[in-house]
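The same protein chain appears twice below, in two forms, each given on its own as structure tokens and labelled structure 1 and structure 2.
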Structure 1
Amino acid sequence: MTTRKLLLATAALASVACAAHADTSGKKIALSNNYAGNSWRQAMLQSWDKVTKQAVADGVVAAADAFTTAENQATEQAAQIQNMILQGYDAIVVNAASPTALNGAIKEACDAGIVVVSFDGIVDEPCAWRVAVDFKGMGKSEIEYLKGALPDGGNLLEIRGLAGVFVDDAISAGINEGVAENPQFKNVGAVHGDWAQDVAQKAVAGILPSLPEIAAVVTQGGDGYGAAQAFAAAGRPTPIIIMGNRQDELKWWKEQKDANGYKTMSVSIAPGVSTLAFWVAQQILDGKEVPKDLTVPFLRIDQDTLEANLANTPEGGVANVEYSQEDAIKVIEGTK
């Protein structure tokens, strides 16, 4: 009698434990990251660390190790992925150095039965999943905002990112499509700021003396504060500068807002997108049906949400959102 009760209790406990622990508790996930040399990537790695550590502690997965290559080279990252195949990971989450150059290594991983989820820097190998950002839509949203803020239109200065990177082309295409649809705006100059404040500051300082009055500066993130500095140094009135969610940009915006009611908006990708990719990989390992192409929402900050976001952003860091399993399920369901 007692033995049967004990057995029953054990069975009940075991079933509860099984319900709480998904089928992925024995699975190992690796992050293959190509670059760590800026604040966005650092925040991305920290978010990964925080969320996956909790997931491992909760027994959702067995391991979630992050690896970053030293030189931001596709060949180096391909070798890294081949090592991960040999180490027996069940899924590889990858932020790729190139959309095409890793395809060979990615295919090898797929053939070995490994789930590959690419995000941010996505890959075009069909066997991999892609958690992509609608960069073009992000660029266009800047012009949509300016349409409301500047009904009369005006001259725009465009700060682009790193020449030759597809993200730069996509955001710029969105911006220019928006400008083409709204003839009240005129793009009078474009410089490359390499997504870095000091490079943007230098480039803007160089072109600014030759430009007519600028109504707004459209940007790609990481360059807004540098642009503001350059306008101030040249003694020109500050235009509407679209920000990119960096803490120094938000802080500058807050100071201007308090001093003279300055209005703008800020848009970028939350570095925590790495955690969304993690949960997507976990869902696929769990046997869920997941479409190959998913889109991440971008993180937008407006006049009324500025204070809350600024308070949540670490000094000198990037505004961030970490995603949960439920968020991933929602994104997957929304795409189906």
Structure 2
Amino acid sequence: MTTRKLLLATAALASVACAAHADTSGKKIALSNNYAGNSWRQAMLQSWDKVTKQAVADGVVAAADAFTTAENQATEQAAQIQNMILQGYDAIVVNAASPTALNGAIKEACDAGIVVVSFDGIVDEPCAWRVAVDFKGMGKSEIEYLKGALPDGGNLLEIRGLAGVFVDDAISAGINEGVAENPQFKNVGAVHGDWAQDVAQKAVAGILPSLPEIAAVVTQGGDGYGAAQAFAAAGRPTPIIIMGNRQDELKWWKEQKDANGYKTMSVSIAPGVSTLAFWVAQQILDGKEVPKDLTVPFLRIDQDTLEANLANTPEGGVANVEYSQEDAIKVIEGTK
């Protein structure tokens, strides 16, 4: 091959490479979030702000703005997404109020050439990407833990999350599948705690007088400390309460562990999953081939890892993991 032909071939390859991996420094990404009324959502937004501000400062993207609806209504979030389309965002990262109710607005975004990545509250519109935790598996893991802790079984109280949200349905399905497979346990009551300690405390206090002795409380996160307070106020023995990685829950657990050897476990999705969704959107905008469905592990804390996790969790916060661009690439490649 002549020198001129070699140079032309090299230039052609470089052109293909640039087309496949476009520069994202001029791209704008938005976060559409449906709800911010608990410590997990606040930590999720804080992680987004921290990581994306640095990405903007580094020139990776031009903007990474976050928007949260006021009423947690799918219609309101759909309107929010439609506004993002008009505002010219290149990608929208969505924590959805419903897996289906936003599909029309999301399809509009896709048709406009906008990348849509859902996480936590994922959507089932085929054009969108999904960054999901195996929430059903997370719920079932609670019963797996209780099998070892309570070999003889017992009555369970279930504290659910925010009604109508995919996450609540999936975790509850896992819990109830685990109960069905382990008949030594019986679910004798269920309330919605909205993933918030004050709501959970009030809901548990309201149902306790009608319940028999409770061996364990299965939860979704942001409700364990509220449940403990309700049992204490009612003068009832404290059951095993599955925690959800919130600092107030971990602190209470540590106090009980030191006082009387109290044992439990804690499990939740890390709020920093929002940062993984951001980097996934950036990689798609960069021309990378990304599978439509990506799975990340949930974050579990056990008796022997309690102190270390509590020490690293800010007061009022949630045990967390934030993701880098390299982490996102590893997840993408691992899924492939």
Partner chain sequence: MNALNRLLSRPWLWSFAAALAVWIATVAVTAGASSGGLTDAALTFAAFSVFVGIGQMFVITLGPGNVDLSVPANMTLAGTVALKLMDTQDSMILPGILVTLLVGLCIGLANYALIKALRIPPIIATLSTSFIIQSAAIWTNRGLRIKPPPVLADFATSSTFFVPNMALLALLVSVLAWVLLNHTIFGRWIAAIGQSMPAARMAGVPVDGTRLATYVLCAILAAVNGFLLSCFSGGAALNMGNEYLLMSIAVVVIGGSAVAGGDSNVPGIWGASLLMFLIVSMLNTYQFEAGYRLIMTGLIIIAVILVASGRQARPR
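Just so it is clear, the model here is predicted, and its values are computed rather than measured. In this text, the rigid core denotes the largest set of C-alpha atoms whose superposition between the two forms falls within 1.5 Å. Here, a residue number simply tells you its place in the sequence of structure 1, counted from 1.
Form predicted in complex with its partner chain - structure 1 or 2: Only structure 1 fits here, because that chain is the form predicted in complex with its partner chain.
Using the core for the fit, does the CA position of E213 change by 2 Å or more between structure 1 and structure 2? After core superposition, the displacement of the E213 C-alpha between structure 1 and structure 2 reaches the 2 Å mark, so yes.
Rigid core superposition, L162 Cα moves 2 angstroms or more between structure 1 and structure 2: Result for L162: yes, a 2 Å-plus shift.
Rigid core aligned, does the Cα position of I143 differ by 2 Å or more between structure 1 and structure 2? Stays below the 2 Å threshold, so no.
How much does the C-alpha of G189 shift between structure 1 and structure 2, in angstrom, given a rigid core superposition? A shift of 2.6 Å.
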